[in-house]
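Okay, here we've got a single chain as structure tokens, the form predicted alone, with questions on binding and movement later.
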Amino acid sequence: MPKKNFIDDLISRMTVEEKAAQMLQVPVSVVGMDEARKWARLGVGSFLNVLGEDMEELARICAEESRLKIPTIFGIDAVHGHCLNKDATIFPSQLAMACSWNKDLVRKIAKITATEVATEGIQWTFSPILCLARDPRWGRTNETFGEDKFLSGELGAAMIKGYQGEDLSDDTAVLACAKHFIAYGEATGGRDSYDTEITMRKVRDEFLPPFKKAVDAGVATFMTAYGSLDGVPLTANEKALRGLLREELGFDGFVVTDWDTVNALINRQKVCADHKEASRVAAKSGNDMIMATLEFYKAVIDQVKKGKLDESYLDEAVKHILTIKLRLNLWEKPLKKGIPGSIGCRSHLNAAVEAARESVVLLKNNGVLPVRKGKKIRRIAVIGPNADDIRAQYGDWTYFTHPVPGIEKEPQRPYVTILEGMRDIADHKGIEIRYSYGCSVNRREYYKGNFESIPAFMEQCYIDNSRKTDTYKEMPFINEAASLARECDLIVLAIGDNYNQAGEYNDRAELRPSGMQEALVRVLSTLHIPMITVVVASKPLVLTDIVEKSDAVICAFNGGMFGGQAVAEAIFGKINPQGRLPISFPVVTGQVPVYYNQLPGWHEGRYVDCTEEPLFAFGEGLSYTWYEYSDLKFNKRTKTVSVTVTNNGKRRGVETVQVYVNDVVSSVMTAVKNLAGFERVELDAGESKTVKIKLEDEAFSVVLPDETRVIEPGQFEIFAGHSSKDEDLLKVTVTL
């Protein structure tokens, strides 16, 4: 492997053109191979979205035909598995994974993903996302670990360690990318890529901690955000990139922009007049690699040669990039080798089953679950648009949606939908499963793949947006579902959203289930047959009426390949649900935001037309046993919480012990409580364990108006229990 001074020597021999090329990432899925070959000969720094023989050819050209023979980095969006490859293992989404509250599992999933990515030769994934989803209207809620900074930081650090391993040069290790820097998910109104109207004090207090943990975990790359912070685009935000990230956190990897954000400075955010100005601003602000804005190349060369941009900015960026390439050992191994045969292998699929099981969250149960033989269930009606829709189960960032949207792709086995999972278990129990689609999630998906032809008058309904024609179109099928259900002893209803209602460009103003799903629930509820509602969705939806009409509610988010199997196993009691919510559910859309760690001071603490409490709170989740907490203590010297947890049920289970802290009186307003620690504990029926959780100093700190973080002496409330809800927590008050 070349020595470190090799980089300085290499930079000294590079032309301005070669430095500019090294700072560029070219999307092969957009430009095509002919143009990609030209960039390879210029010595481009990275390629995006290319696999197989094309990738091998580009790697060879860079390593053999470019003047300085600098190897290139290949990147891909592998955000819940190597999901753009239809043969790879597809795990639950980040939001679903967060329901496990299991750092070891998240690290394991990341390691498997890295192995599969590396087996195709690729060295870089754009994951994890460490933005906080405190406004579920935001389209990218599904990509996050939820609403809390501590949980996101812990799971994010675990994921980074799984991707990168102990040594980046290892053939199964890939670069992780902490994104999107910073406060991207807090954009006003849940509008993706819009302005985040908060102060830098708030940024440091609420949104910086997960990224700090990413740096502490050794993350190799960061990605800037599409949006802006108090009117300053993050791509042009020197205070964020050079101040917070480099100087304060001590990040020593390289920074990549998000897709075409240098162009966005011109055409969307209107802060730069042309490509020359935008490229100069991006380089000066601290971006090392420019994703997809190919105009950057000529523009930044122009600015350096005209003396408007000091070449040292290019030297700095290239040094960051080459340093990571050196750590990858690219000069000796231009492509990763991975483990041949590992993509979609049995052990990886088993891990996907495990992840799906731990992502299931039971939110309501009036005793209908689990389904047992003694309950005299002969026939079960499985109904709903998401009962047998693998696209909805996968969610965003899979081969269905990327890298080139709009191209129809066939589902690739293996996978198990809810309907298939129910049939598999029911067959062994002698229970008959009957199925009806019921209604659509949205108009465009209703008839596709379900009917061979659409009569002319129905075609008009298909393109009509009025509620009247929606009802006219779908009520016959809702009635058909009800007729089927009347002959059954139990209803399993799968509703939610679909992949075209999540992700970039897909923010929502209304969080109630779309289409005729609520009408379907109302009709089925009149049958007075026990009903289990399963929510397969990319985010919390407004389920208030649906929860009231359901005997049990299961949150499944986007469960990956075996999400349907996990749901069926939970329904039949083959697994004991252990998931906990990483995000709160609103009662109505207008109640947003409902994240648990609100600031105090709201007059009367309520709306006149809605409760102040969420429908379901952060940390909630039931199981088929129940737990009792006792003997809460706090050791001030070691800052360790101890609490005894007892399984008072008749079944083995896993409880997630959650610890929260409240600074009673502080010089700036602080949240009513903040998660400060958690631990999963497995308990046999009747078993008790004392759990000890050491808290970080930051749990007791505040960020002052001058943006410094301090620990102020005074009283602190320490909570421990089952969820963030006051009634689920024990409390002690201590003076520090």
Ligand code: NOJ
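Treat the numbers as computed from the prediction; the structure is a model and nothing was measured. So that there is no doubt, residue numbering starts at 1 and follows the sequence shown.
Heads up, the form predicted together with the ligand isn't pictured, but that's what we're talking about next.
- Taking the partner from the other structure, the ligand in the predicted bound form has a heavy atom within 4.5 Å of a heavy atom of D258.
- A residue is said to contact a partner when one of its heavy atoms sits within 4.5 Å of a partner heavy atom; L48 meets this definition for the ligand in the predicted bound form.
- In the predicted bound form, no heavy atom of Y394 sits within 4.5 Å of the ligand.
- The ligand in the predicted bound form is not approached by E569, whose heavy atoms all lie more than 4.5 angstroms from it.
- Using a 4.5 Å heavy atom cutoff, K179, Y226 and M291 all lie near the ligand in the predicted bound form.
- Proximity to the ligand in the predicted bound form, defined as a heavy atom within 4.5 Å, singles out one entry of E154, D507, E620, D77, which is D77.
- Between the ligand and the residues F126, Y595, Y297, Y627, the one pair within 4.5 Å by heavy atoms in the predicted bound form involves F126.
- Heavy atoms within 4.5 Å of the ligand in the predicted bound form are found in one stretch of 179-187, 345-353, 108-116, 560-568, which is 179-187.
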